[in-house]
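As C-alpha cells, one chain now follows by itself in the form predicted on its own.
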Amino acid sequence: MYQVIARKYRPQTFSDVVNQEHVKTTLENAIAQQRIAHGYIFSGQRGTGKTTVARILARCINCVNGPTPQPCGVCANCLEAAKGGGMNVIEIDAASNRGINEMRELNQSVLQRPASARYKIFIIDEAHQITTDAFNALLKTIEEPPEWVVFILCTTEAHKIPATIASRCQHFSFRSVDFEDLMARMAWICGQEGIEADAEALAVLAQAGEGSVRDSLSALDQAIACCGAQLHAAEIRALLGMFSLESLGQVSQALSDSDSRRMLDVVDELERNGHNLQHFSRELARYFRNLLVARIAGAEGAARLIAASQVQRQSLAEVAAGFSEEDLTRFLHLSLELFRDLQYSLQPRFHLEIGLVRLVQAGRLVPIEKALAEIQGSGAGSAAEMRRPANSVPPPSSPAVVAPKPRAGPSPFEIDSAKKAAPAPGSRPPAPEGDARERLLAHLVQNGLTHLADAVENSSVTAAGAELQIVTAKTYKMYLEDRHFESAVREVFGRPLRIKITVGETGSPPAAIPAKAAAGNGADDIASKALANPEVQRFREVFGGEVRKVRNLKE
C-alpha cells in the first residue's frame, strides 16, 4: 500500500529533523547527562516536528543501548516508539480523549510499570483541548509521577495549557522551518523519489507550506500526483490556487501608472477564471509586505525575511524601487483591511474592486510637508503637476473664479503690513467723526479682535459729538456690547463715548463716512487683486477648491 511522503520520510533520529536546533541540542545533552525530566511540553506551529521529536525522544530513552542520543533503531523498543503505540509508548489524542474520565484512566495506567522497557512514555497530542477539570485530575500525577513515567504534551496553542501544568514541565517552543531549509529538504526527497523539480517549483511548494514541513510535503505529494515526474511552477500554482509574481505585478503596475481602469480589469479576470477573491486579497497583502521588506532591506538583506527564491527576491526588489516606503506601508495597511472585510462580505467582487481603487487613490496622496514646501518654494505649475497624476487631464478652470488682472499698486497683504507697522492708536490725535468706522475697524484688526472687526464691518457706524451711533443686525449686537469694544472705542477716539446700538438694516455706510469703494475699488476689483497674489495662486493649485467670496477687513 502506498505511503505518503510525509510519513515515508518522517525523521527517525535527531539529525534528521529539519531546523529546531535549540530543541535537539538540549534534549541530546539531557539524555547524555541522564537528566531526563518527567514532563515536557512541545509547542509550535503545525507540521514543525513536535510529535516526531516526541517519538525520537521515546526511542532514545528506551533503546536497549540507552539512554542514548543515537538509538539503534532496530531493537523492539525503538520499533515500538517509531510506530507511536504499544505497551511502553502510549499516544493519546486529546482531541477525542479530553474528559475527566479519560484522565482518571490515565492515572490508573501510570501506576503500572512498563512491560519491557526502561520508561513508560505518554505522548498527549493536541493537549490544549483537554478540559479544565481533566487537567485538574491530571495535575497531581504530572507533579509527582512514578520514576518510570515521562509525559510529553504536544500542542499548537501553548497559552491554553494551564499555568499549574506548564510550571511542572519543561517547555520547548518549536519554530517555523526556514524557507531555504525547507526547499533543501524537498529537493533531497525529490532526488530519492526520482522527481525532477526546478528551484521555482520547490519555492512554490515551500510557500504553500508557510513554514510547515508536513504541509509542504503534502503539497509535494499532490503535485507529483498531478504533474508526474516533472514538476513545473505554473502547473503547481494552478493546482494549489496560488498567484505568481507576474499576476500580482499587474496590481503594482496599475498603481505605478495610477490606472484605476486596470484594477477593474484585474478583478474581472479573477472572476472569469474562477479564482477565490479572498485568497487573492491575502496573497496581495503578502505581496505588499514582501515589497516593503525588499524596499527597506534590499534584495540581499531580505534573504531570510522573504519566503521566495533568489530570482523572485530580485524581482521584488526591482518593483519595490518604484515606490516609497510610505506608499508601500499605506498599500499594505489597505490590503490587510481589504482581506479582513472580504471575510464577511456578501459581495466580495464589489469589495475587492473598491479596495483596489482605494489603493490607486492612496498612491496619489501627497505628504502635507511636501505640499507646504511646494507652496513656499516652487512655482504654481510644478505644484499642480505634483498634485495630479502623470496621465491625468488638468481640470478645467472654475467659471466662478474671476480671471486675475495685472496688479496696480500695493496688494491687500502689503497694505495690512503697512498698517500694522503704523504707530499705536493712542499716539494719534482723536479721529475725525467722518473717519470713525474705518479707524475703528483698523484698530480692531491690528489688535487681533477679529470677531469685533467682523461686527463693525457689517454695521453702520456714525460718530456724533460724545455719542457713537451703531446700526447693526441682531447677530452682532452681543459682540458690540462687549467691554473690549468699549475699550477699543476709547483708545481710537481718545475719550470715552456713549455707545448707542440700534438693531436694524445696516445698508451702506453713511454718506459722512467715505468708503474706498467710492474711490473706484469695487468687489470685483478686490477679488481680482486677491486672486492675483502668487501665494494665493500656489495654494489653490496645490489644494484646489473654489474661491466663493473675498472680503477686505480694512475697508
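Residue numbers here begin at 1 and follow the sequence given. Bear in mind the structure is a predicted one, so any value in this text is a computation, not a measurement.
Note that the form predicted together with a small molecule isn't included here; everything after this is about it.
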Heavy atoms, 4.5 Å, the small molecule in the model of the complex: which of 491-499, 41-49, 525-533, 65-73 makes the cut? Say which one. 41-49
Exactly one of Leu217, Leu359, Leu338, Leu441 has a non-hydrogen atom within 4.5 Å of the small molecule in the model of the complex; which residue is it? Leu217
Consider the chain as shown here, without its partner, and state which of Arg295, Lys120, Arg185, Arg437 has a heavy atom within 4.5 Å of the small molecule in the model of the complex. Arg185
Test of understanding: in the model of the complex, would Arg551 fall inside 4.5 Å of the small molecule by heavy atoms? no
Taking the small molecule as it sits in the model of the complex, is Asp16 near enough to touch it, meaning that at least one heavy atom pair lies within 4.5 angstroms? yes
Please tell me whether any heavy atom belonging to Leu153 falls inside 4.5 Å of a heavy atom of the small molecule, as the geometry stands in the model of the complex. no
Any non-hydrogen atom of Val213 within 4.5 angstroms of the small molecule in the model of the complex: yes
